[in-house]
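Single chain ahead, by itself, as structure tokens, in the form predicted on its own.
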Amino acid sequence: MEPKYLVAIKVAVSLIRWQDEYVLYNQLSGDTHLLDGVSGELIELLLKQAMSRDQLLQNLGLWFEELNADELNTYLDDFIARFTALDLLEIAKQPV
């Protein structure tokens, strides 16, 4: 069984919706990133509170009922890997 963990925003960021996309500004580094709408929505959720992977997956499932579980899991794994590599997300083990 996969260990449970929380996903959280690691640094201070500003997020602005721009048409169907989002612009994310890292206040520490000054880097700016253009995000697709789904990634922007996930970041918006994480700005409110840290969430487990299961909670993020549940939100994706609500937004994209037409996608199967494999597609949703792949998107979420790619999202977490991408934003962790950009040093914007942190992963913490969740107490069981």
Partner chain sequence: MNNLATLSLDQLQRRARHGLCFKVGAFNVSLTTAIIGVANHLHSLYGAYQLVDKDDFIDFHVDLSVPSKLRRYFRPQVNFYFDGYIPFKPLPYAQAAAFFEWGLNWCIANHSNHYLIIHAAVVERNGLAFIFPGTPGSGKSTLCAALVCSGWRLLSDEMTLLSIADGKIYPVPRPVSLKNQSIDVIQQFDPGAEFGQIVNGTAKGSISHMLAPEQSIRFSNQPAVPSKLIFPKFIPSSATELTSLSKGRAMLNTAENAFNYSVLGVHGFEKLAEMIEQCDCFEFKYSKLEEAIALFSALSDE
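Just so we're clear, the structure is a prediction, and the values are computed from it rather than from any experiment. Residue numbers count along the first chain shown, from 1.
Absent from the display: the form predicted in complex with its partner chain. The rest refers to it.
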item: R53 within 4.5 Å of its partner chain in the predicted complex, heavy atoms; value: no
item: 4.5 Å heavy atom contact, D87 and its partner chain in the predicted complex; value: no
item: is_contact(A81, its partner chain) in the predicted complex, heavy atom dist at most 4.5 Å; value: no
item: Non-hydrogen atom contact V11 with its partner chain in the predicted complex at 4.5 angstroms; value: no
item: Among the candidates Q49, Q58, T32, N68, the residue which, in the predicted complex, approaches its partner chain to within 4.5 Å (heavy atoms); value: T32
